[in-house]
Structure formats: C-alpha cells, structure tokens
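The chain below stands alone, shown as structure tokens; this is the form predicted alone.
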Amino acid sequence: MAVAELLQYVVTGLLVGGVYALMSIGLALIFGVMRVVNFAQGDFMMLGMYLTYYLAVAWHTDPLLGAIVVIILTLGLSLIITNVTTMVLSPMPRGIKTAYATRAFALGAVLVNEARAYAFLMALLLAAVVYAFLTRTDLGKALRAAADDPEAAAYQAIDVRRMHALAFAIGIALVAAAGGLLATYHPIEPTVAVNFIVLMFVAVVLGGLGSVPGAFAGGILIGLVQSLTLLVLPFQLQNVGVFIAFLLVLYLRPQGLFGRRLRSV
C-alpha cells in the first residue's frame, strides 16, 4: 500500500471524525450532567441539517455560518421527530449545492475536500469554545459541579435543575450545529439520524461516560477507524472496524479512554 493512499484515508478520517466528535460532545454533556440517555439526539442533528438546508437554499445564506422512563421518552421523541419530519418535509433526500462541496486542495500528496475541511475546523472551534466555557467560567464550573455531585452542588446554592436545563440546551445546540456542518457534504433526509446515533453512543462510551474530552477523542477515533476500515472492507461494512475497536477498548479499559475507574464502596 502506498504511503500517500494511507495518508489520504487518515486525513479523511480525521475530517469526518471532527464532526462526529462535536455530535458526541453534546450527548456526553447531557449524560454527564443529567444522567439521561437521550435517544432523540440524532434527530436533533437531523433537524439541524434541515435548518441549514433551508437557510442555504431558501434564504441563500452560507451553511457554514439512566431511568427507563427517560429512555422510553427519548425513544418516543425520536420516533415523533422522525415521523413528523417525514410527513411534513417528505422522505426525499436533499442536498446543499455549494462550490466547495466538490472542490479539494492538495496537502502534499493528499487531496482534502474543502467542505469537510471547513466543517472540521468549525467543529474544532466549537469544541474549544465549549471546553473553555466548562473550565474557565463560573457557570461552566457550576455545571461541572452539578454533574459531579448534585447534592453537594445544591448545598453550594447551585440550582441543579437549572444546570440540567442548561446542559440539555447546550447538548442539543451542539448536535444541531454538527448537523449543520454535516449538511454541507452529506445527503439530508428524515431518517439520517439512524446512521449516526449509534456512532455517537459508541464515541461517548469509548471516551468514558460523561467525559467531554473523552467524547471528542472517541469521535475522532471513530472517524479514523471508519476511514481506515475502507482499506480492507467495502463501504457497507465500514462500521465493522468501529465495533471491533469498541470491543477492544472496553476489554482493555472498561471505563473508556478518559473515564475514571469506579471504586467499590
């Protein structure tokens, strides 16, 4: 195998993984603070894709500008969003026509698609903003405190319910933004969430449940593994490599890449 070909797959995987990482950060934030497994997360991503489509096409703007009840509710919400979107917008796939979607620039011997490169850079920027918010602002620190120990946070006059609402809002905003970035080079349809929701959950588990840096690393890893799997398997089986990597990481490090090992009481 030529080194240039391998580099091409690595670069492609990194670019795609950046958007996966942004999706996964939103899911990790919601779980980390609320302990909610949000199965509707992929559908909010889909709505972000449609919003981007209508902004780009109709308004001619640039597209770059653990309780079982909760599980049932989010699954139900996912089904409602998917079916309502299908009825209202039709199941016909759509796409945004931009000049950079079909252009590429050379990085040595590697060709880099412009749309994926722009989406990757925006995903990195948004991820950096979220990280700075969580680590450098009082509100971000309150959010982390509510995630680490809700009872102790309440004793410190932190409104835990408000922190839950804030985490959910930020998580949805991030996945919708990731959908908007994805829409610049991926077909848009009501059932697109099915293709990504499992990858988001895998990224969050790989990185360590509730860990925002871990979710980012998990998303990048999934993009790389997906791309490199195409060297030996057809496109339809690209997720086989993802699940093999998932099983290996869980076997070697059950708490995930950035997760903390649970201590027995």
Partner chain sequence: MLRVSGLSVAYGGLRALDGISLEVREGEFVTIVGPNGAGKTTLLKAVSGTVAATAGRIEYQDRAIGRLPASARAGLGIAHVPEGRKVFPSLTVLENLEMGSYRAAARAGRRQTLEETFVLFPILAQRRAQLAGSLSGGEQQMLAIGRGFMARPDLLLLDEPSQGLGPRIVEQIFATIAEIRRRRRLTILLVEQRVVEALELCDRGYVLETGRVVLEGARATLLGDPRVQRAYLG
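Everything numeric here is computed off the predicted structure, so don't read it as measured data. Positions refer to the first chain, counted from 1.
Beyond the structure shown, there is the form predicted together with the partner chain, which is absent from this document and is the topic of what follows.
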Interface membership of residue 162, the partner chain in the model of the complex, 4.5 Å heavy atom rule: yes
Close approach of residue 141 to the partner chain in the model of the complex, 4.5 Å, heavy atom: yes
Exercise: residue 156 in contact with the partner chain in the model of the complex, heavy atom 4.5 Å: yes
Heavy atom of residue 145 within 4.5 Å of the partner chain in the model of the complex: yes
Option from 182-190, 101-109, 169-177, 147-155 whose residues, in the model of the complex, bring a heavy atom within 4.5 Å of the partner chain: 147-155
